[in-house]
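Shown next as structure tokens: one chain only, the form predicted alone.
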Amino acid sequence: MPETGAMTATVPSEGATLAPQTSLDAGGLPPASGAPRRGSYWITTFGCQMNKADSERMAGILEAMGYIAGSDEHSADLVLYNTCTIRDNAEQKVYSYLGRQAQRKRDNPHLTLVVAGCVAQQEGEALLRRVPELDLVMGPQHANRLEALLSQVESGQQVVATGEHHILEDITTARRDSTVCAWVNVIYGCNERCTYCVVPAVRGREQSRLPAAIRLEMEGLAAQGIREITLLGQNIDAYGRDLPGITPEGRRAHTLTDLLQHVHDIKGLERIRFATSHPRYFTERLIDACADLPKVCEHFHIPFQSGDDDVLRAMARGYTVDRYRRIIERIRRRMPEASISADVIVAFPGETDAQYRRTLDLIEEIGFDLVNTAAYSPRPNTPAATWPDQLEEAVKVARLQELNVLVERIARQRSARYLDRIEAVLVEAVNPKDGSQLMGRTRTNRLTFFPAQRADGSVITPGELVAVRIEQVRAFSLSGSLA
């Protein structure tokens, strides 16, 4: 989950739709008993996994209310944009989408137009002044209140819901976008104060869910056939520090390590992942637990943001480059095959060429499997946005281009280790570009393509674990044959 605005990234993740052809075809929820049919809906999701998880919850709420998933956003009766403000270009794209929908609304007053997520939280009533056709503006803390807020809209109100709100448990309504893999939020919000990041302002303070509630949700997903679950948090290593309790050894009673141990034995669950980690809170105890728990995958996403200590200090990240190195060394000592991904920002205010070169050196030294790259862009209401030493756009573009070339080269080198190996791949879906292939991921999170049929003609189905001999390696994906 990249933590800042970006001009581009090594892996595009700005926009994703959540609206299958029909709710039944996609495994969507039928209308709740007695719920009137209200027409079709369409959700477009921008940004990180947290937003995607929120969209799944809101889709479930809409289907329980009687809405049916629409075929496209230009014919749906309710259109919802779940927005991201971390990247400036994603935010601007939202306004472009809204312009087209505002015209639809003028022609069709019965259209319900909703903006949710981080742009909604940041802009609030200003969004209504800019796009008066909007019916509902709601921040991410209000996602599970969608039904109540839409009831206000149906009574004729134009609603803005951006106030501080405690996120209540709501684990029954999500309409999952996959039948194999699922997201599970374990902690909402963020208490960090990185000088470039708008997340704490738009997602609120940390709120950890209780371990029993998380396990109950995961058990329900496993019973439905979900084989892999990714535990989510904006700063997942902070999990539990707002929950009461101290162990006899004098440490917090609830940590991410304890949570992994608590949910590891869930029947039917094959794999567990978690994201996003913060180097300040990443512990040796967590690394040891990941090495010892067979279901926890050997993949870690740990943003480092810069390879220079002075830049990290200006970012208020709270760790040094040496601290980051020690984390990676410990992971690779316990799990030599583990993959490491990260986020990095270049052209931060005041960053010198020498400081930028240290970032390149660190990427070369560590050998990341994937790095989400971003050139700094000022975000509203963040300290760094007001600093006088902003770098020119040409410098940002040049540094980002050079960085992306390096990231792809290192990723290709890391992929080479898979050649001729047999990897266990969890089958997720049909390759959308080639119907004769399926796709899934290794435990180390490498996307892998392989034939959809075995040699005897039998068809492989999503959710199966298959052995794939890797025959082609690329920077960010693999291909092979069934072993």
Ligand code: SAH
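Note that residue numbering follows the sequence shown and begins at 1. Everything numeric in this text was worked out from a predicted model, so none of it was measured.
Same protein, other form: the form predicted in complex with S-adenosyl-L-homocysteine (SAH), not shown, and the subject of what follows.
*Asks:* When S-adenosyl-L-homocysteine (SAH) is placed as it is in the model of the complex, which of 146 to 154, 353 to 361, 242 to 250, 276 to 284 ends up with heavy atoms within 4.5 Å of it?
*Replies:* Among the listed stretches, the partner-contacting one is 276 to 284.
*Asks:* Does S-adenosyl-L-homocysteine (SAH) come within 4.5 Å of any heavy atom of Gly139 in the model of the complex?
*Replies:* No - in the model of the complex, heavy atoms of Gly139 and S-adenosyl-L-homocysteine (SAH) never come within 4.5 Å of each other.
*Asks:* Spell out, yes or no, whether the shortest heavy atom distance between Asn185 and S-adenosyl-L-homocysteine (SAH) in the model of the complex is within 4.5 Å.
*Replies:* Taking the distances in the model of the complex, the answer for Asn185 is no, it never comes within 4.5 Å of S-adenosyl-L-homocysteine (SAH).
*Asks:* Although the partner isn't part of this model, could you tell me whether Asp343 comes within 4.5 Å of S-adenosyl-L-homocysteine (SAH) in the model of the complex, counting any heavy atom of the residue?
*Replies:* Yes, contact at 4.5 Å.
*Asks:* Would Arg227 show up as a contact with S-adenosyl-L-homocysteine (SAH) in the model of the complex if we use heavy atoms at 4.5 Å?
*Replies:* Contact with S-adenosyl-L-homocysteine (SAH), no.
*Asks:* Give me the residue from Ile86, Cys297, Val114, Leu259 that has a heavy atom within 4.5 Å of S-adenosyl-L-homocysteine (SAH) in the model of the complex.
*Replies:* Exactly one listed residue reaches within 4.5 Å, namely Ile86.
*Asks:* Here the chain is shown alone; which of Val79, Leu134, Ala120, Ala374 has a heavy atom within 4.5 Å of S-adenosyl-L-homocysteine (SAH) in the model of the complex?
*Replies:* Contact check passes for Ala374.
*Asks:* Going through 285 to 317 from first to last, which residues have a non-hydrogen atom within 4.5 Å of S-adenosyl-L-homocysteine (SAH) in the model of the complex?
*Replies:* Result: Pro303, Gln305, Arg317.
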